[in-house]
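Shown here is one chain on its own, the form predicted on its own, set out as structure tokens.
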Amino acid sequence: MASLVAKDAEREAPRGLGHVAFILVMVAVAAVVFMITRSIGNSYAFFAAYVVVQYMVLGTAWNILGGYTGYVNFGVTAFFAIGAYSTVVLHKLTPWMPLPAMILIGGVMAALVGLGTGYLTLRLRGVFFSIATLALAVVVQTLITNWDFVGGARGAYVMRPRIAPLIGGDYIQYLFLVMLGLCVIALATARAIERSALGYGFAAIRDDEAAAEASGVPTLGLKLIATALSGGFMGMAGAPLPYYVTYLDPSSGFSLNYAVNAIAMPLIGGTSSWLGPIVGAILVGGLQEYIRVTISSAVNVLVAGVLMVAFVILAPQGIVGLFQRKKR
């Protein structure tokens, strides 16, 4: 028995070292991206880059439940808005609280909602679960629209500081830096799940849940973990939004853009790997930002929808899956 434990430890050690190296590489890449964006000297570059990185986090969060576990979540805006409105509440009650703490609290709130929702709905499967998550988004939007403390239907103003803490410059630079850090955490978590027993359990649920349950896989517990992680990262992605837009109302917090893009980017990039949401966010998010400047922001959802339909037909496994299949 001791020899088996030792062999397992020897196998896990290279994986752990490889994951540490991956995190260090991601931190280095994030630092390089931040320095390049800062060298441009144009504040719009930070606004555009923030949106793309935000979609990387959102796409990764959706992929943990929708891609790894196979449960399609249409309630993205519910978790995203919970994070955003948590920041509004904290800004009113404790305006001195640093943004990272607000992001953490918003993520915990969204994770708790995801855990509770998962416990109530994860006994449903397929389209019934998807409809339940869509109903959750409607319920949360209705509650927030009628909550006067956060502005209700009128919305709420959140004035961001003029100077960014620690790094100086415009506050949008600090928002972008924080979102880059959050992106590194989300990607590191997704990659760790992919290469762990948890990820194998998620894959078993996705491939055949009944067979997995019959084989002794704790399907309900794993699905609760997936919903909590997915909802938590969605809430963390939405938490900085009030400082980004400075005015938050239900129409912007529950925008269709977030729901469509969070699903489209993993599907286009590939749901089988942590790399898929990054590829999809760069492709779709970058194209949307270009169209926003040159044509109109009104066609952003159309762009994501057309690309999603095209890739579902032509490359169901996404860009990453297509390259992996050609490599094999």
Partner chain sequence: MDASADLLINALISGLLLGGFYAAVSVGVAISFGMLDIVNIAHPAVILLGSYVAFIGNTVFGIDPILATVITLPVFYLLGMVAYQVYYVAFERRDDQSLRGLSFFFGILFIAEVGLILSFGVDYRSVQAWYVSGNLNLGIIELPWRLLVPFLLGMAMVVGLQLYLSRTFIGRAIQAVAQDQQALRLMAANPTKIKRIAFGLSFATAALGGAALIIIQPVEPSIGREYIGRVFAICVLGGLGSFPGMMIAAVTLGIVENLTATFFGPSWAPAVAFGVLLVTLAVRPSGILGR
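Residue numbers count along the first chain shown, from 1. This is a predicted model, so every value here is computed, not measured.
Although not depicted, the form predicted in complex with the partner chain is the subject of the following passage.
Proximity to the partner chain in the model of the complex holds for all of R125, F254 and L267, with the criterion being a heavy atom within 4.5 Å.
Proximity of A192 to the partner chain in the model of the complex falls outside the 4.5 Å heavy atom cutoff.
Although the partner is absent here, V293 sits far enough away that none of its heavy atoms falls within 4.5 Å of the partner chain in the model of the complex. At a distance threshold of 4.5 angstroms between non-hydrogen atoms, F74 is in contact with the partner chain in the model of the complex. None of the heavy atoms of Y55 is located within 4.5 Å of the partner chain in the model of the complex.
L302 is the sole member of L302, A45, A31, L287 with a non-hydrogen atom lying within 4.5 angstroms of the partner chain in the model of the complex. Residue in contact with the partner chain in the model of the complex (any heavy atom within 4.5 Å), chosen from L283, L275, A49, I263: I263. Of the candidate stretches 158 to 166, 87 to 95, 173 to 181, 133 to 141, only 133 to 141 has residues whose heavy atoms lie within 4.5 Å of the partner chain in the model of the complex.
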